[in-house]
Ligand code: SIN
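Take a look at this one chain, the form predicted on its own, written out in C-alpha cells.
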Amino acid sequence: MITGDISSGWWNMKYSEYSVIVIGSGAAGLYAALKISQQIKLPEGILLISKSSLGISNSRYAQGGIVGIVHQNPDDKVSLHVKDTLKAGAGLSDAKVTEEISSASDAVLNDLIANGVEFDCDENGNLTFTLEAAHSVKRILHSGGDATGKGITEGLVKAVRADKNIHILEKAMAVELLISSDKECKGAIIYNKQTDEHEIVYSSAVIIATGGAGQVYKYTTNPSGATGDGIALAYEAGAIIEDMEFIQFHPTALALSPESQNRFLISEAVRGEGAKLINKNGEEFMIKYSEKKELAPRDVVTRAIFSEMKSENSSNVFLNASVIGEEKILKRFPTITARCKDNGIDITKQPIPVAPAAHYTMGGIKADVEGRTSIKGLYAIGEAACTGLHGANRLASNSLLECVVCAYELADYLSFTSLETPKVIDEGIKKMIDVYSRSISSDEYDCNNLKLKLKDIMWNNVGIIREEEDLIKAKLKVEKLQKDFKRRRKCLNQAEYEYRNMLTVASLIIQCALERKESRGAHCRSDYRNTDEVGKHSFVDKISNKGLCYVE
C-alpha cells in the first residue's frame, strides 16, 4: 500500500494505491479478498471496502442454504442441477456458465469448509441436505439450521480479519470509478463516512461485489444498504448492464402489516420441508396455479400469492408450517421461529402471515464466471453481476453458490494477471478528481423522504405485474425525481449517494421492463402475456447507446 496526499490546483485529497480493490463485504467480496490474498503475492495489498460494518450484506441474511453438487451427496450430479437451473431460468440461463459453476461447487464448498465455514451435519458428521422449490433432489447445504448466510459470512469475516495482507475500510463507499482516457478502470473515488472526506484509491484491479438493489422497492427482504451502488457505478463508467428488468420477488416474507416495509424473509426451505400456503379461510390454494404447488418456481408462487391477495382484497396470505412438526421446526428453523415468536406468532401452532417482497436482482453488470466486465480492469461478482446463471428467474440457493464460485475463479484468473498499480494519473482521471476536489452546496436533501417516494413509484408501477401505462408513468416520475436532485456526481453524504444510485438503478429497471414486450420468468407483463419463442437478453450501455435499453 502507498499513501499520501495530492495537492495541486483544487486537489487536496488523501491518495493511496493497492494491488486490488474489493468493493463490498458480503460472501462474494469477502471470499474474493481472501482467495486473492492466499493465491497471489501482492506488492501493495488488498483494500476491502465495506459501506457498513464488515460482513453486513444481503449474503448475511440468506437463510435457506447454498447449492452443493458435492461428492458427499451421491443422489445428485451436475447434469441434474444444470437442468433444474435452466428450467427455472425461463430460457435465459447460460448452459455453459451454469455447468461451469455447478462443476466447481464441490471444490469451492470444501475450500470454504477448510477456511472455517461450518455447515450442518448429522450425528455421524456427514453433511445434511434439504430440498427447495424447483430442485429435483435434496442438494441444499445449510448452516445454523436457517442461518446459512450468517454462517458463511461470519466464517469468512474471521478469516479476512486475520489476514494481514487485507486492509479493511469500513463505513465507506466507492462513489465513482476512475476511468482513464483509454477506457480502463484505474481505481475509485471513495467517500469515507468516518472522516466525511473523499479519497483517491488507485489500482489495476477493481472488483465490484456490492450486492443487489432491493431497496428501490417499498417492500423488500434486503437490508438498508442494498441500494444498487455497484450497478450504478459500473453503468456511469460505461460498463454493459444486462437484464435489469428481472427482479425476483420472494413469495414469502413476513407481513405483519402493510406498514412494515423491510420484511423478514421466511425461507423457501420452510416450504421445502412441507409447509403449505393457505388463504384467510385456511384453504390451500397452490394447486390452482401449479401441479408442483408450494414447490413451483418462485415467480409462479409469487404471482399465485399476489393473485390470492388481490381476489381477497388482503395484504397477505398465510404459511402453515405446523404440518412440519414441532421438533423439526425448532431444530431446522431456529431463526425464523425466534423472529416470529418476537412478534407473537408460534409457528409450531399458528400460520405465518406472508406476502411477496423484492428479494434479488437477477440482472446487473454483464460479467463472465471470472468476473470480467466490458471495461478492462473492472470486475464484478455476486448479485451485482449478471453472469447468465440465473436467467429470468433465479433457482433457489444458487445465489450464494454463484458468489463463492465466481470469487474463487476470479482469484485464479488474477493470479495470471499483472497487478502492478498504475503510476500515472492521466488527463481523463484528473478531470474526475477535479470534480470531487471542488466544494458543493451545503444544502441537504431529505433523502429519507425522497427514497420513500421512489420506492412507492417502483412498487406500484414496476412490481410483480407490469403494463405499459404504469411503466411510462414510473419513467416520467423517476425522471422528475432525477431532475429535481442536482447531485449527479459529488454528494454531501452517504444518504445522498445512495439516493443517487437508487435513481440510476430504478431508471435501468424501468427502461428494460418497457423494452421487454413479453412475459418471461420474473418479468410479467399484463399487456404482453405470451413468451417469445427465442429468449433474448436486454442490455444498457450508457456510453455507446446513450443509456437506452435494447433487447438482443
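Note that residue numbering follows the sequence shown and begins at 1. Because the structure is a prediction, the values reported are computed rather than measured.
A second form of this protein, the form predicted together with succinic acid (SIN), is not displayed here; the remarks below concern that form.
Engineer: Quick check for you: of 443-451, 83-91, 259-267, 462-470, which stretch puts a non-hydrogen atom within 4.5 Å of succinic acid (SIN) in the predicted bound form?
Structural biologist: Heavy-atom contact with the partner occurs in 259-267.
Engineer: Run the contact test on Glu132, Arg298 and Arg394 with a 4.5 Å heavy atom cut-off to succinic acid (SIN) in the predicted bound form and return yes or no.
Structural biologist: Checked in the predicted bound form: all three residues contact succinic acid (SIN).
Engineer: Quick check on this chain: which one of Gln63, Ser37, Thr504, Gln511 has a heavy atom within 4.5 Å of succinic acid (SIN) in the predicted bound form?
Structural biologist: When succinic acid (SIN) is considered in the predicted bound form, the option within 4.5 Å is Gln63.
Engineer: In the predicted bound form, which of the listed residues (His250, Arg332, Arg139, Lys366) lies with a heavy atom within 4.5 Å of succinic acid (SIN)?
Structural biologist: For this set of options, the contacting one is His250.
Engineer: What residues, if any, in 349-363 have a non-hydrogen atom within 4.5 angstroms of succinic acid (SIN) in the predicted bound form?
Structural biologist: Heavy-atom contacts within 4.5 Å come from His359 alone.
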